[in-house]
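Take a look at this single chain, the form predicted on its own, given in structure tokens.
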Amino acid sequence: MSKQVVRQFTVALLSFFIGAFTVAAQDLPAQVREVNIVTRVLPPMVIERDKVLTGFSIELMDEIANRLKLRVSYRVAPDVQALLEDIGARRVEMGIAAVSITAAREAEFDFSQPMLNAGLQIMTRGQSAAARNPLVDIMRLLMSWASLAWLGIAALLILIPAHLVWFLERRHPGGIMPTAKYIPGIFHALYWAAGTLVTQGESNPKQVLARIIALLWMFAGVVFVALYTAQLTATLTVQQIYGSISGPEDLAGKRVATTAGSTAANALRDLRAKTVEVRQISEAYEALHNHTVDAVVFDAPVLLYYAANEGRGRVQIIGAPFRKEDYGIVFPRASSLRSEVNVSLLRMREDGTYQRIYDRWFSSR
């Protein structure tokens, strides 16, 4: 009996210590992991004030780190190329700022779920009506591709009635053609056709069929002038509001600043713009204000934030974002952190945390 009592006592004692150890282990805080993160200063994604980082990306990353029990340490890269080089060399565990998810980058790195929907935006200098030169506006309008195209169409259209009227009138007694010879007779006919198009003409053909052609040409002239006037009015209105750039199609041949190695730089080359690549986006802003470039093209959230804050009244945003893209958190290949970060991002969207952070930085104030 004594052996049985000792055995029971021993089992009870072991159970007590195991239970006590389990409870104590549950009360201990989870082990905190150290994680190095590379970023770059790019308001409002990342803002540096008195050597303290804040902004949408930093606040988002801090929330993820809190959920995953990570102790994060940030290092600042000068540009996106340096940021990606740090990740490729595995000097850091991840990168966050405004890194667009592209096919080329996806082939080299791993990305998280999209953390922000973005796209490219055009920004030009703000222009008040008082600061504009009406003569320059008119000359730019008359020399625009739209005006030249309309004038080319008019020149081609004039050739048809001019030849028909010359042919029918050249031998008619008292006709409007002073000679039956093609040269210089055709020049008189061209002058008549051009005058009729603009002013409905001062002389009318005498031959019956030529008069019918003249009436049809006068009607066509009314329609043409109305359409041309509407086109000029619309173009001038757009120029008064936006200047000579109203969308991506107007960037061809223009000097446009953006950061080197960015998706915007690739897009500008496709658009045949004269791309001016700078290291920091702040240099692009300065080039715009100094009239060194005609526009800046960059990520929409960044330009919208600048236009609403430092650039208020000095710049204007043109049109809607184009070349839609997403920002993501970037990892080295086969990173074990990727799936954990993705789960945290999805849970933040589900519980409303993501929306609260987004509204803090991007909602209208």
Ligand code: GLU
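Given the structure is predicted, the values throughout are model-derived calculations rather than measurements. The first residue of the sequence shown is number 1, and the count goes up from there.
Although not depicted, the form predicted in complex with the named molecule is the subject of the following passage.
- Shown alone here, residue 288 lies farther than 4.5 Å from the named molecule in the predicted bound form, counting heavy atoms only.
- Although the partner is absent here, residue 64 is not a contact residue: none of its heavy atoms lies within 4.5 angstroms of the named molecule in the predicted bound form.
- For residue 99, a non-hydrogen atom is located within 4.5 Å of the named molecule in the predicted bound form, even though that partner is not displayed.
- A residue is said to contact a partner when one of its heavy atoms sits within 4.5 Å of a partner heavy atom; residue 126 fails this definition for the named molecule in the predicted bound form, lying far away.
- Among the residues 262, 275, 121, 196, the one placing a heavy atom within 4.5 Å of the named molecule in the predicted bound form is 262.
- For the options 306, 327, 331, 56, the one in contact with the named molecule in the predicted bound form, meaning a heavy atom within 4.5 Å, is 327.
- Listed stretches are 311 to 319, 298 to 306, 47 to 55, 64 to 72; the contact stretch with the named molecule in the predicted bound form is 298 to 306, by a heavy atom cutoff of 4.5 Å.
- Shown here without the named molecule, the chain has 40, 42 in 35 to 57 lying with a heavy atom within 4.5 Å of that partner in the predicted bound form.
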